[in-house]
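Heads up, the chain shows up twice below as structure tokens, two forms, tagged structure 1 and structure 2.
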Structure 1
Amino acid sequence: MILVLAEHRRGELRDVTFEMLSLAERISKESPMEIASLLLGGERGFIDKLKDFCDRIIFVDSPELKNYSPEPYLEAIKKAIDATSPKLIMISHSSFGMDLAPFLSEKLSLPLITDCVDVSLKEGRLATLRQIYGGKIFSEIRLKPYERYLVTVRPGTFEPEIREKRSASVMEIPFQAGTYKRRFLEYIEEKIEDIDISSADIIVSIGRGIGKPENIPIVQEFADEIGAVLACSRPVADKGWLPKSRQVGISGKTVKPKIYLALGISGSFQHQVGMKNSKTIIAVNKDPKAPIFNIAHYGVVADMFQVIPVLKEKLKK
């Protein structure tokens, strides 16, 4: 069995849950296994959202599990493991998973690989792909045969899609909360001073090719006209021309818009990691050898300031 821990926060299932279930489906085709989703203290309505993606839903309900806290989560996960004996356990590599996974690994003696961008089971052994040296190199890691494995999966890496519709059965496990050293108190909202680019459907992103900050209003006007959000690569954010919250890439945000228009962005690997899963990537760059063209669906070798007026005119028509 592959056991996927459903991540929920403030009454919402996180997209990464469905991304991990899609990955689990692919693994199950290579190594036939049942797919189960472990739902800890979430809304019962989540069951309906999950049932098409898995064969079984293990639901552990308790007020102590409504919000993430490592100690009650450890107890609940141990109960689920004892009841199902999974071969592979998946957790999101989010702030949630980065705190929980090492704790689980140590307490339950589980071999752990974190921040995976691919996962497979080859002849019953875990094989994963990770990025090292700032994303410049892919590292394949294979573990020795073991009873079960634990991985964290990088959000935004896989498409949350159903290839084969399932109809999950529901298994409820009773839970009696204990006394814990740590407990959830409250969510403290990050003060949002800018636009959240990660939720945008259309993104116009600028790089070094913008030349100088005085040129940014030209692109901003264009972005406003097409209903897009303005983002940037690291050099623009480092110069302070746009806020860090607009930066796309390993050291910025991961985005998956319907359209990603890269203007004057060379497209280093660090930048590509943050936007390569966009539905449609359109690149405009003067350098025909710019790396961004390797992943773009459409490319224009030209100066962005020559292309923007043409695009404006076409869109008006």
Structure 2
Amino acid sequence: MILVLAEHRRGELRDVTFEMLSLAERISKESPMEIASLLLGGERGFIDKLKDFCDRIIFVDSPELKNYSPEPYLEAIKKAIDATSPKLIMISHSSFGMDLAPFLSEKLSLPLITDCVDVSLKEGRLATLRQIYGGKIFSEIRLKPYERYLVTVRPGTFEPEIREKRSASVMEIPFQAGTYKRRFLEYIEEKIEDIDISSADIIVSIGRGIGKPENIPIVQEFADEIGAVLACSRPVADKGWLPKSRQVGISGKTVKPKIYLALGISGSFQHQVGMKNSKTIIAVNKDPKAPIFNIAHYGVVADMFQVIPVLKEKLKK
């Protein structure tokens, strides 16, 4: 069995759950296996949403599981594993899975590979594909034989669609909460005091390649000239060179402008998640091997500071 840990937050199932279920379907084509969703806390309504995507839903309900915390989740997952004996457990490589998966791995002695962009099982052995060195190198991993494997799957990698509709049966496991050392307190949503970049038609986005804050006005003037909004990758916001609300990516904003012009951005997956659905992506980067060129429509291998003044002149006319 493949056990997919459903991810939900604040009353919503997250897309990555269905992405993992679609990957599970593909794996089960090669090595026939049941697919189960494990739903911890969350709402009963989620069961209907998951039903078509799997053969079984294992539901563990308790107020302690409503908001994620590693200790009660460990107990509940242990119960689910004991009840179903899965070959493979899938969790998302999100802020949730990054927190939980290594803990499960340590406490339940589960061999773990994190941040997989592909997963397969052949004759009961796990193989995965990962990206390392900021996405510039791929790494194909074959694991030693184990009874059970744990993986975290990179969000936004698989289409959240399945080919064959299923009809899951529901199994409920009782749960008695214990006492825990880490306590969830509250969710916080940061207010946007700046402009909302997600509604812009043209975005000029700068990355670490901007070099220093003194260079920002050069790009700002260019953006103003063509009526574009200035956005950035994480390091620029981390350094406080632009407000956090301008950050594009998994932990920032998702944008879909007509044009996304990426200047000095390498194209890490966390950045791509936030901009890959832009209609036209243009990347300017000194490094011909920068991963951003894999998803851009047009690329220029050059120093952004040579390109911008000339491009500005051309667009003035």
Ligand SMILES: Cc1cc2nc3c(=O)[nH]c(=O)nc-3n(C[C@H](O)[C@H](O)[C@H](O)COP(=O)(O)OP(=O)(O)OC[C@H]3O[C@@H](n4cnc5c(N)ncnc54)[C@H](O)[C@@H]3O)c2cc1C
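Residue positions are counted from 1 along structure 1's sequence. Throughout, rigid core stands for the largest set of C-alpha atoms superposing within 1.5 Å between the two forms. In this text the structure is predicted, and so the values were computed from the model without any measurement.
K.L.:
Where's the form predicted alone, in 1 or in 2?
P.N.:
Structure 1 is the one predicted alone.
K.L.:
On a rigid core superposition, would Ile77 pass a 2 Å threshold for CA movement between structure 1 and structure 2?
P.N.:
No, because once the rigid core is superposed, the C-alpha of Ile77 moves less than 2 Å between structure 1 and structure 2.
K.L.:
Is Lys212 among the residues whose Cα moves by 2 Å or more between structure 1 and structure 2 after superposition of the rigid core?
P.N.:
Lys212 C-alpha, core-superposed: shift of 2 Å or more.
K.L.:
I want to check Phe222: does it shift between structure 1 and structure 2 by 2 Å or more at the Cα, with the core superposed?
P.N.:
Where the cores coincide, Phe222 still shows a C-alpha shift between structure 1 and structure 2 that is 2 Å or more.
K.L.:
Cα shift of Ala200 between structure 1 and structure 2 after core superposition, in Å?
P.N.:
The alpha-carbon displacement, core-superposed, is 10.0 Å.
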